[in-house]
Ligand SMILES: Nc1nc2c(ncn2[C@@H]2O[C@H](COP(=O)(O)OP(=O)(O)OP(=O)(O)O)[C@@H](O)[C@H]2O)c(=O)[nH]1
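The chain below stands alone and is given in C-alpha cells; this is the form predicted on its own.
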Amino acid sequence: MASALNPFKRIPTIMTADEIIEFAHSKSKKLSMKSSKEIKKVPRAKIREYARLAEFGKQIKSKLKESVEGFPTIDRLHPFYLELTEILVGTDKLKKSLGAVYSCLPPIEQILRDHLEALKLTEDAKQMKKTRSAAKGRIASIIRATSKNIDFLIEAKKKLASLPGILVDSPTIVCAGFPNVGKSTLVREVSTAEPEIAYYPFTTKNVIIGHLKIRDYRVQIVDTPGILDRPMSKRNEIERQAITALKYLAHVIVFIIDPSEACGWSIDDQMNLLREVQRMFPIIPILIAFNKIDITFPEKLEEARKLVPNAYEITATDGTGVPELLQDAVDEVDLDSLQDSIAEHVASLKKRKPDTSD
C-alpha cells in the first residue's frame, strides 16, 4: 500500500509514562527464577532481586528507545513531509521532545549500575528488596518527569502516521480546480489500480492518490481537496502552509475547468482561481484542461476557448482526450533535473552526522 511510504507509518505504539512503568514492573515481577533449590535463601534472594531490577531497567530502556528511535530522523525527511511535520506538530517541538525522552537514558543507566552493584554487595535480604525498590522508584520518577514529552510524541505519531503515503521522488501530477469539476474522476479513471484514499489531518476531505505507467515511468496523480480548490482569501493559515508543502511534491499541475458550469462555479470564478494557482506555483508547469465537454453547450465551450485558446479538452468519465493530456503532463516533468535533485538530496544525507536526539 502507498500508506507504507509515509515515513511516520512505521513508528511503533508509544506507551504513556505510567504504562511504561507498569509494563516494565509486570515483566520483572513475572520473571521466573531458575536457580537451584540447593542455593541458600540469601544468595537466592540476591539472584532474584538482581534479575528483577535488571529486567525492569531493560524494559524501561527498550520502551524509551522505541519511542524515540521509531521516528524518522527529522532533518532527513523529504521537504514535503518536513513541511507537513512543521504544520501539524512543529519540528522544533518534536525534536525537543525526542531529545528530552532520549536524555532520560543516561541517568537511568547510572541508577541501574549503582543499585545493581549495591545488590551484589548486600547480604541482607530485606536490604536487597529496599535497594531494588529504591532503584525502581527513582527510575519511575525520571520517566514521570518527562511524561509531557512522551504524551507529545504519542499525539505527534497519531497525526503524522495518518498522512498519505506519497512517492516523493516519483513524477507527480497534482490536480487543481474547484470542487466537482472532475478531479477525482480523472484520478480514478487513469489509475492502474484502485486509488488510495487518505487524508490530511488538517482538512475534512479525502486525498485521492492514483498510480499509472506512462512509457517507462511510474507516475503519481493526486487530488488534494481542501487545498487547491478555492480562493486564497477563504483559506486558513494551515491550509496556506499546506500549499507550500505541495510545492515540494508537484512536478506538474493539471488545472481542470468545467466550462459547462455544472460544478456550480462560473467560468469567471474558475479563471480567477487558475490565476491564483499560477501565482502560487510560478515555476511549476500548469496544464489547463476543459472537462465535461460532452455536456457543455457549444457557446459555453467557445467562450472558454477564447479565454484559454490552447486548453486540453477531455471527458474524464470516458477517457476522451485524457491520454494526450497525461503524455504531455509527463513530458513537462524535467526528469533529468528530477534525478539531479534526488542525487543532491542523497549526497546531503551522507554529509550529515547522525543526531541521536531525533
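What you see is a predicted model; the values in this text were computed from it and never measured. Numbering starts at 1 and follows the sequence shown.
Same protein, other form: the form predicted in complex with the named molecule, not shown, and the subject of what follows.
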(request) Tell me the stretch among 174-182, 120-128, 69-77, 236-244 that has any heavy atom within 4.5 angstroms of the named molecule in the model of the complex. (result) 174-182
(message) At 4.5 Å between heavy atoms, is residue 59 in contact with the named molecule in the model of the complex?
(response) no
(request) State yes or no: in the model of the complex, is some non-hydrogen atom of residue 205 no more than 4.5 angstroms from a non-hydrogen atom of the named molecule? (result) yes
(message) So in the model of the complex, is the named molecule close enough to residue 28 to count as touching (4.5 Å, heavy atoms)?
(response) no
(message) Taking any heavy atom pair closer than or equal to 4.5 Å as contact, tell me whether residue 294 reaches the named molecule in the model of the complex.
(response) yes
(request) Check each of 326, 45, 316, 333 and return the one that places a heavy atom within 4.5 angstroms of the named molecule in the model of the complex. (result) 316
